[in-house]
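The form predicted on its own is given below as one chain in structure tokens.
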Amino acid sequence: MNVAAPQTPALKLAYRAYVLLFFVYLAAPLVAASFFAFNDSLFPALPWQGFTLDWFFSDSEPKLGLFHDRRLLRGMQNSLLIGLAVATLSVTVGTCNAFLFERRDFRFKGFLYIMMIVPLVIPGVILGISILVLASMTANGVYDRFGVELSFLRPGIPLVVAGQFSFLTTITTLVIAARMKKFDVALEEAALNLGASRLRVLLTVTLPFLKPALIAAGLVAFLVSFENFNTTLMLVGSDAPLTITMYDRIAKVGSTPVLNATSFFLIIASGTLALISVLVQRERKPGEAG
């Protein structure tokens, strides 16, 4: 098929209909979840009972709002803590990995690169179970041998961070390495010839060039960490993040509008962070301010 050839009206109509249906398919669940967050009803179902903000701000039952629901707020706090920790670790190690794979040649480089990619293709449940088994065996072995309890290897926030870090580092490495491929090494060589130390070159030449990728990688890692469920479910302890808290609420009492309010809040927050990620990676045109 010659894509440059003039398209018939029927083909244009079919293409536009396909694009429209595709985006409707993507947006419909989000719109539905957001819709019921403002419905003045105890159940997320039709008919529409009127507009209300109670599912966000009410401080009393039966319409206890998101910002007064201690369990949901605690879950959100745990998710923020985990997301920030994972993003920081993933960007730090991902930057080191990017330098290693883009700047160095060494034995088994290809094999190690493939091994780094493997966590992305392993199902999250399997990854979580594997980490849980390894951590538990290690903790039990150390306790039996030395009588020392390694609590950070038991289900809880530290183990969730370790589990998410195991695959999010791959993502941050790929994002940062893609940016590094565009870097002109001659800039570093020029700075070194002018007397700058390697640390100064790193801080004033290389890292500023990588800054958009570092920010974008951090935002992506944070978002993926915040919404992760499969791996987290296998490693969580008593301090559950928001996704597990919401799942537990649905399993026990069913879907309620406060969960729709939580979903709407997360849609807005995630969309904002995703937009920031796109903007910071946008290539600046010559002469563009900033």
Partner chain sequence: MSAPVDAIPSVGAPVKAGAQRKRDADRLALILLLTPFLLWIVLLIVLPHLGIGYLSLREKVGPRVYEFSFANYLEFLNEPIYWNTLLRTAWMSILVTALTLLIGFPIAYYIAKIAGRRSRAALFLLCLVPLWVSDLVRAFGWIMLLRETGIFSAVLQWSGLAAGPVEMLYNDVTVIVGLIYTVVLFMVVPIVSTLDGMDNSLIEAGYNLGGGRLTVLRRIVIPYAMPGIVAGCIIVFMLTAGSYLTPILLGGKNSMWFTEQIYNQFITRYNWEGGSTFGILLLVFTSLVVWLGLRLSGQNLANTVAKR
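Numbering follows the first chain given and starts at 1. Predicted model, so just to flag it, every value in this text is computed and none were measured.
Form predicted together with the partner chain: not shown, discussed below.
Of the residues L81, L150, L73, V93, which one places a heavy atom within 4.5 Å of the partner chain in the predicted bound form?
By the 4.5 Å criterion, the partner-contacting residue is V93.
Of A85, A139, I157, L127, which one comes within 4.5 Å of the partner chain in the predicted bound form, counting heavy atoms only?
Flagged contact: L127.
Is F106 near the partner chain? Define near as a heavy atom within 4.5 Å, in the predicted bound form.
F106: yes, in contact with the partner chain in the predicted bound form.
Given that the partner is absent here, does L26 sit within 4.5 Å of the partner chain in the predicted bound form, heavy atoms only?
Because a heavy atom of L26 falls inside 4.5 Å of the partner chain in the predicted bound form, the answer is yes.
May I ask you to check whether I215 falls inside a 4.5 Å heavy atom distance of the partner chain in the predicted bound form?
No, I215 is distant from the partner.
For N230, is any heavy atom within 4.5 Å of the partner chain in the predicted bound form, or not?
Close contact exists here: in the predicted bound form, N230 approaches the partner chain to within 4.5 Å, heavy atoms only.
For the heavy atom contacts within 4.5 Å of the partner chain in the predicted bound form, list the residues of 128 to 145 involved, in sequence order.
If the 4.5 Å heavy-atom criterion is applied to the partner chain in the predicted bound form, 128 to 145 yields I129, S130, I131, L132, V133, L134, S136, M137, D144.
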